[in-house]
Structures are given as C-alpha cells and as structure tokens.
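Next up is one chain by itself, shown in structure tokens, the form predicted on its own.
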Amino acid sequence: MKIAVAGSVATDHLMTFPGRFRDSFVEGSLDNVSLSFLVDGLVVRRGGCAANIAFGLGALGLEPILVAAVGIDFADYNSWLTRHNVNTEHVFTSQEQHTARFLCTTDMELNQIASFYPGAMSEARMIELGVVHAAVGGVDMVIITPDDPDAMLNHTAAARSLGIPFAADPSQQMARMDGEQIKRLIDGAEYLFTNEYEKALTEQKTGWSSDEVLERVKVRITTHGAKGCVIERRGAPVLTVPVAKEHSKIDPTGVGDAFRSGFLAALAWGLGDERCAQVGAMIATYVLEHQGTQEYRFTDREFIIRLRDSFGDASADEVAPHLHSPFGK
C-alpha cells in the first residue's frame, strides 16, 4: 500500500518546566493572563505532524510518501528521513522561508503550552496532490494532517476528485478552521482521527451530532490519552483499545502522531481495527518514553515482545510477520 502523508514538517524546540502550570493561573483572572515560565531544559528535535507520522511508518517498515512544504534549511532533515524509509522526492522547497518551528513547554504533569510558526508551511497550498499521485503510479491512501488550511482543503478536494481514500486528521488546525471548512475537510473520509477534545470541537463547530459525523466518515478514531482510544465504525459495535504498557513517561509531544503511524501501518498490512489500534498504541508509547518525536528505536523482536506483554499472544503473532523495522530484527 502506498501511503502519502500530507502536512507539516517542523523543528521542535522542547522545554521543561519543573512546576505545574495550574499553580500560576489566578481564578477569575484568565481574561488577563501575562505569564513567563523559567524552564529547566531546552532540546531541539525534528518534528512536524506529517514528518512524525512518515517517520513512524518508516520505522515499521513501510515507505511513505511525504507531501509537505519545507524551507531552505531542510537538507539535514531530508537526509534523516530518507535514511528511515521516507520518500521525500515530492516535498516542496520554499526559496524564501525556513522550515516551520514548534515551541512547546511541558510541565511536571505533562500539560503543555505551545506555539507554532508556519514558515514555509504557508506555501503548502502550492502542492498538487494529483501530480504526486501520477508521479508515484497511484496513491492508495493519503492522510491529511495539520498544515496550511488551504493546503488541507486542496488535498481533500483532490483526493475526492481522484478517488483516493483519505484519512482526515485536523488536530491543531481545528482552532483555526471554521465549521464549514471542517465539514469540507472530513466529509467522505475513510478515517477521522481526533482526540477527545477535538471530537467535541468538531461537533460544536460543524453543528453535526456524533451520529451525523459518523454518517459522513467510515471510521472515527478518538484518542483519550491514558484511557486509550475508541473506534466507531458504521454498522459495527464500538471498540475500545487501551494504551500499551510504558517503561516511563518523559514527554507526550508526538504521541498522537505515532499512534496514527502505527494504525496506518497495520491498516496497510491488512489487519483489523483492533490490531491497528494496538500497533498505534505501542509505537505511541515508544514516543512517550523519549524527549523528541523521532528519537525512539526498536528491533522487530523488541517491538513484538512489548506488544505481546501489552496485548497478548494473538496480537503479537498476527503483527510479527509484517514487521520489518530498519533498526534491525
């Protein structure tokens, strides 16, 4: 299965605050906030939703096609992605802007305050999905992740026109887009990925009920943090899948992207919804255990051992024949 991943590529500036954000907010004064947090640490890592998902797919042995706009500073990042099975031949390079920047501070309870500067991502609307589709001999699935809003809508329209099954992952751009734009983005999607808050925001902004959203997408996947995920498929019972067992909790940045990569990888292997979510949960846990969204490593054997420990023999035995990690057996 050829999977195209459309969305952001960014440099992540990740900071840690040794206290709790909530201790600095004054009840009744949230309409006039002026705060500065002295942080303990700063690391700079590779990130961006599309790049994170593409990296995760590559780590599981697939060769995803990255569809994104980057800056003139992309050379080192490009080498990194290509070494990890990601096809970057169709990335659009801005001649004026730098690659996007994500700045995020995480407190001791893993709450986050973040800002995102789009940079070259604002030129993603220049990318034509149809050109990519033709160049690779046909895309089997495209996931449309947070990006320049016009680019997201363009990709969705192109996918419908070309008959390419697509997954909608509006995530952070839900706050930027209005109800009509969100409707255009998700209507007809094979899969809709959101977290619990974004699920409620989808319904609030579109005016569609939960049932009405499900009438317009085939499968709705809602992540609930430490409570796992809920999968709703038209005509099937609701399925709840727990998280995988973690060794530590370091940084939640990129956990959702990793879940999507695992889900899509298992989908490409022809596995069912439960297995897709379990693979997603496992790779998401690897990200949680590291600072940075692409810093994890696992061999095929390690991944299967941990999958077995979290979800049992049936899950591990079904996934094992498909896993071909570039990190080794």
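Small disclaimer: the values here were computed from a predicted structure and weren't measured. Each residue number is its position in the shown sequence, starting from 1.
The same protein has a further form, the form predicted together with a small molecule, not shown here; the description that follows concerns it.
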Original post:
With a 4.5 Å heavy atom cut-off, would you call H224 a contact of the small molecule in the model of the complex?
Top reply: yes
Original post:
Does any heavy atom of G228 come within 4.5 Å of a heavy atom of the small molecule in the model of the complex?
Top reply: yes
Original post:
Contact between V243 and the small molecule in the model of the complex at 4.5 Å, heavy atoms?
Top reply: yes
Subject >> 4.5 angstroms heavy atom contact with the small molecule in the model of the complex for Q112 >> reply: no
Original post:
Which of these stretches, 148-156, 81-89, 134-142, 216-224, has heavy atoms within 4.5 Å of the small molecule in the model of the complex?
Top reply: 216-224
**OP:** Could you spot which one of L66, A265, A284, A59 gets a heavy atom to within 4.5 Å of the small molecule in the model of the complex?
**Re:** A284
Subject >> Answer option from L192, M174, V255, L129, heavy atom within 4.5 Å of the small molecule in the model of the complex >> reply: V255
